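Listed next as structure tokens is one chain, alone, in the form predicted on its own.
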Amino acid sequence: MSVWIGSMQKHIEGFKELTTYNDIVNIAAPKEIYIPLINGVSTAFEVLVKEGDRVFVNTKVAVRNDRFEVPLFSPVSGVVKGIKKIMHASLKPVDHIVIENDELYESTISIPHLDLEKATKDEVIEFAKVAGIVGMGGAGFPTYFKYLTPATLKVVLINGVECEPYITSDYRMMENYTQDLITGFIAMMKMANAQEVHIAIKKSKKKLIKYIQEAIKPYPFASIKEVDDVYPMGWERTLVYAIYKKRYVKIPCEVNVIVNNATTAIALGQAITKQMGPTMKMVTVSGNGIKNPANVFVPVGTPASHIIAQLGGYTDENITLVAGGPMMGKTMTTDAWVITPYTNAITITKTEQVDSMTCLRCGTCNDHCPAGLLPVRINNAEQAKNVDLIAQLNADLCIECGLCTYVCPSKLEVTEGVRRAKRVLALKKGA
């Protein structure tokens, strides 16, 4: 972290009105579903089905089998057609299980029943593991693993901030599945042996705050923490400091707090009440490049192309398609990639020509970096191929929030330079 730090955050125009109040669109599964065999960066999966097998809704079709255990479930009934390698939202081709949808939606139970009131901490953690609950806000990290920490935890912090522009899927999930949210955070409290749960929501979300406050009245251990409408308030390091005025080195457990996304808590709550894995996902599809922006409720494994077609298609031939939000998402060259349990958005905007200038050395990117780094120096070091300097500048601590590029008056792609620098360090470590 640099000695001199600035605001480390910024209010960004959200464009959230495009999808905050209109109807949620339920999109039926297409004729073929593609289940990507990837979690985070890991493609270490054991496939539990073979070509020709009949599966049901909630059939466990694969499980990550390295140091983490993450099962994947079918969102439809039908026949396994095999494995196909297609582009994934991580910008690389990945094996996908192909399932031909028979449109009968016959289901099975492959998750054990959990009596939350009687269950022990270890039993709830094990349930979260076998239910395939991962970070639904975009990270996809296995939820159960966070609760294996030996640290003493006092507070479960539910992250309902949703600070990326355009995205409103967490907001709509909290609004529509409030009881599942409550069930989920009670389960998380039990996993953490925590005494309190705090729900972080932006101050500007007056309607949602009032609604959630009313819903949690019967639970004296639960309260709302209102935070400023700035980016990247949703990053847990920024959020923990904003609420508790505490900083940590690696993970929030160091300051006795554990953080989970609001939709993750809802998914856990639904798994407990319905014995269903994360086979459906609410996704915000927004921007001026899509004809009918909306939050869609869609089966996992549905191609983005199918969703876009159901919403009327593109508004222009020249569009920028992003898997995720415009700040941290990945710019895609195809819409053939599919929805995962942790996909939260598809952002589609008309492509605009950006004319960049020479760096002004103003330091604006440094002032706004939430990680306290020096993005412009990292960018310059990458251009100079100075690997030692890249390491000294701690480029690997960058969270790729995109704020340095957003605030740059010269319109330079600073984030992309830092991202390349991170790859240089990763290759060096792997050598």
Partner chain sequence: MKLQFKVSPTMKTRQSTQQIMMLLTLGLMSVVLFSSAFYFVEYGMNYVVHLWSLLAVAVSVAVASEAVWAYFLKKDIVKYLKTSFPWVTAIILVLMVPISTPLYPIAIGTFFAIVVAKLMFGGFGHNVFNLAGVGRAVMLFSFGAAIMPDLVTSATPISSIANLGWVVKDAVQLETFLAQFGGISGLLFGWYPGAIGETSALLIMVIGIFLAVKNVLDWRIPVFYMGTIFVLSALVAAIQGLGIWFPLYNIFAGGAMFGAVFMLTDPVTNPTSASGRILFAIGAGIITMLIRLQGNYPEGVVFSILIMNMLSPMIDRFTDGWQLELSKKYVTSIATLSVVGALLMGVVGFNLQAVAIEEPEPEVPDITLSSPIALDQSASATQGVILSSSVDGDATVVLVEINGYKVLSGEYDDALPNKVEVRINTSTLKVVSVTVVEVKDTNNIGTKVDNPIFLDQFKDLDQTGSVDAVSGATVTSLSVVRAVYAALEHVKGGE
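The structure displayed is predicted, hence computed values, not measured ones. Residue numbers count along the first chain shown, from 1.
Separately, the form predicted together with the partner chain exists; it is not shown, and the next lines address it.
In the model of the complex, the partner chain sits within 4.5 Å of a heavy atom belonging to Gly329.
Using a 4.5 angstroms threshold between heavy atoms, Pro303 stays clear of the partner chain in the model of the complex. Interface membership of Asp335, defined by any non-hydrogen atom within 4.5 Å of the partner chain in the model of the complex, is confirmed. Taking the partner from the other structure, the partner chain in the model of the complex has a heavy atom within 4.5 Å of a heavy atom of Asp367. Of the candidate stretches 367-375, 23-31, 56-64, 43-51, only 367-375 has residues with heavy atoms within 4.5 Å of the partner chain in the model of the complex. For the residues Ile319, Ile83, Val230, Val79, the 4.5 Å heavy atom test against the partner chain in the model of the complex is passed only by Ile319. Looking at the partner chain in the model of the complex, residues Gly402, Ser410 and Thr415 each place a heavy atom within 4.5 Å of it. Residues from 9-24 that approach the partner chain in the model of the complex with a non-hydrogen atom closer than or equal to 4.5 Å are Lys10, Glu13, Phe15, in the order they occur in the chain.
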